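In structure tokens, the next block holds one chain alone, the form predicted alone.
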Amino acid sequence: MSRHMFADRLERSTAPTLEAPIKCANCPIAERAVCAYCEPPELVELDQIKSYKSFEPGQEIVGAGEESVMVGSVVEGVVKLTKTLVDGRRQMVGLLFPSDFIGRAMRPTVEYDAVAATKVVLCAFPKSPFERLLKRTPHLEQRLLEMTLDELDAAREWLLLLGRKTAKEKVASFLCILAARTGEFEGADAGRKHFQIPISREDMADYLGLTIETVSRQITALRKDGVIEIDGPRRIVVSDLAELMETAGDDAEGGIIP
């Protein structure tokens, strides 16, 4: 796909439904996003070049091999990253959550397909103006470097999960990530969280290196153990966060939980 076709796709994406216009100073992801360390004048510059883009579930945001013309932060929703193998099969290689950065500054092309797993809102920046701002803004450059290193650490932890953990630990670890990144507490109970699994069982199996049947069995086992509750096709309620982390082989001081 050409640069112009990708730009047209972004332009055709629908505007997000927001109760009020979001400014950088009151953005819901401001403390975790790439702009977290920016000073007020720098936020003003970012505010001048940003735009919000909305994508429906299943809609491709950008494809591998395309010229990179936009970068940005996920404001709402979950983005699925996939790679097409030589034989035509697609492998899911990652998920992006609110505050995660999509795209690569200083890189000419995109390496992975990015598809909206849920309804997604992006805070998007044209790549060239963003790169110019990056070069003269140490706070922005430092934050982007930190996020890149965090992503590298997470990838290494994921290699550990795929290579060393049992099927039950893998599924529990994945649910821990979702609880940490997208879960909401149930009332005043700090021990219970609920969230939607944003991808299909097939994608989940591919991501964890398991079969669909194994994923289903392990989710059922966690339910029978009282660690989680299943409320509908994809809604999960974590009854005991500490127990889920223990099942995953992690603890509050480390592991793969972001």
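Start at 1 and count along the sequence shown; that's the residue number. What we label the rigid core is the largest C-alpha set whose atoms superpose within 1.5 Å from one form to the other. Fair warning: this is a prediction, and the values are worked out from it, not measured in the lab.
Although it is not shown, the form predicted together with a further copy of the same chain is what the next lines describe.
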Exactly one of Ala30, Ala205, Ile197, Ile219 comes within 4.5 Å of a further copy of the same chain in the model of the complex through a heavy atom, and that residue is Ala205
From the list Ile177, Val75, Leu81, Leu133, which entry has a heavy atom within 4.5 Å of a further copy of the same chain in the model of the complex? Leu81
For this chain shown on its own, do Leu144, Asp153 and Leu160 all sit within 4.5 Å of a further copy of the same chain in the model of the complex, going by heavy atoms? yes
Find out whether any non-hydrogen atom of Val115 is located within 4.5 angstroms of a further copy of the same chain in the model of the complex, and reply yes or no. no
Considering only heavy atoms, tell me if Lys119 and a further copy of the same chain come within 4.5 Å of each other in the model of the complex. no
a further copy of the same chain contact at Gly65 in the model of the complex, heavy atom, 4.5 Å: no
So, in the model of the complex, is Lys165 in contact with a further copy of the same chain at a 4.5 angstroms heavy atom limit? yes
Has the Cα of Met70 moved 2 Å or more between this form and the one not shown, judged after a core fit? no
Quick one: once the rigid core is lined up, does Arg90 have its C-alpha move by 2 Å or more between this form and the one not shown? yes
Does Lys127 shift between this form and the one not shown by 2 angstroms or more at the C-alpha, the core having been superposed? no
